[in-house]
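Below sits a lone chain in structure tokens, taken as the form predicted on its own.
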């Protein structure tokens, strides 16, 4: 709804003569009546924009994942490569410095160490935006790489199929968040109830977590990326839901309480 301003933009302010004679002013405005500079708005007359349709929300979420992948590529192919080249140039320069300059050698080596640290931090940030290996090789290799950084033992069964950057990104981060919750729960101190002879043990899986990735078909959505996590506490399915539902995905749990199976289904390419 468009509001009409009390005075058009660009108009000069009114002077006393332009506002009329005292007689005109007194006849136009009743004494004691407050002046209003701008018109008031009625909340009941406000226009609410319609909520985007589910398909529009899914397209927007897919575009978000594509932007994340482009940003990771920009960091990898731009800043990271420049830092690597600068580190190499410093190494070449150090070999040209005479051995009689030990202080200069030490300073160059210190700069190289700092650049290596910055490069590693940049790669860590890029991996949290969109893992480079996920973009290059797919969900299976990216999960196997992540397994080295996770305390929970994993057994991964994933095909070489590609499912699109949005579905793969959502599935990857959903699995990582679930496994991070499992690791955090395993690190919590064991509690003991009052009067109990032994501390109460946490309900954790005894074997490795099995991650199965496959492609399913759906009459409505077409291709579906299905990910099954077996041997996990089903209470950790909650962190996965926020990642997959933005793309129209679902989460199913079976078994429990305690160890069971979590299945994520995400529409994919």
Partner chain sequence: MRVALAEDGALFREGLLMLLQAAGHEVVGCTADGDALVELLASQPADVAILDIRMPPEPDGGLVTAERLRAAHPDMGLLFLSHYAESHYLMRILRIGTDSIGYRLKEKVGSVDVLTDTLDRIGSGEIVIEPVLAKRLVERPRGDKKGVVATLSERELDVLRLMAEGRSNNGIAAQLFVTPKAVEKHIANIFGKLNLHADTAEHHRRVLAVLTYLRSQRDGD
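Positions refer to the first chain, counted from 1. Computed from a predicted model, the values in this text were never measured in an experiment.
Quick note: we don't show the form predicted in complex with the partner chain, though the next part is all about it.
Using a 4.5 Å heavy atom cutoff, 84, 119 and 151 all lie near the partner chain in the predicted complex. A heavy atom within 4.5 Å of the partner chain in the predicted complex is found for exactly one of 97, 133, 186, 111: 133. For residue 91, a non-hydrogen atom is located within 4.5 Å of the partner chain in the predicted complex, even though that partner is not displayed. Under a 4.5 angstroms non-hydrogen atom cutoff, the partner chain in the predicted complex lacks residue 164 among its neighbouring residues. Using a 4.5 angstroms limit between non-hydrogen atoms, residue 126 touches the partner chain in the predicted complex. Looking at residue 147, you'd find a heavy atom of it within 4.5 angstroms of the partner chain in the predicted complex. Taking the partner chain as positioned in the predicted complex, the residues of 68-84 that bring a heavy atom within 4.5 Å of it are, in sequence order, 72, 73, 76, 80, 81, 82, 84.
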